[in-house]
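One chain follows as structure tokens, the form predicted on its own.
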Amino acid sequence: MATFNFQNATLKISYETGVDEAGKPVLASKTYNNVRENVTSTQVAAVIQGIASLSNYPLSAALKTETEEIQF
């Protein structure tokens, strides 16, 4: 039976820094590594809101990515 083995997780926060000539949003992002495996969505949301509150730009999106090794 195969199992998943947590390797790492990252958090990417995107901000809208302006608009281009076509009126489309221009985004900038910052990635944070070493997110713990056992964090809850509520904890992650609180961290995102805290970090975003320090930015001069509005929060556009946030993405949490986990990498897991598949062990056979």
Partner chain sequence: MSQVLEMKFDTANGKTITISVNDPKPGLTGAEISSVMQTIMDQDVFHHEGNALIGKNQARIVERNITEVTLA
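Numbering follows the first chain given and starts at 1. What you are looking at is a predicted structure, and each value in this text was computed from that prediction instead of being measured.
Just so it is clear, the following notes concern the form predicted together with the partner chain, a form of the same protein that is not shown.
- The partner chain in the predicted complex comes within 4.5 Å of a heavy atom belonging to A46.
- When the partner chain is considered in the predicted complex, L27 lies well away from it, no heavy atom lying within 4.5 Å.
- Although the partner is absent here, L59 sits far enough away that none of its heavy atoms falls within 4.5 Å of the partner chain in the predicted complex.
- Interface membership of L54, defined by any non-hydrogen atom within 4.5 Å of the partner chain in the predicted complex, is confirmed.
- Taking the partner chain as positioned in the predicted complex, the residues of 20-36 that bring a heavy atom within 4.5 Å of it are, in sequence order, K30, Y32, N33, N34, V35, R36.
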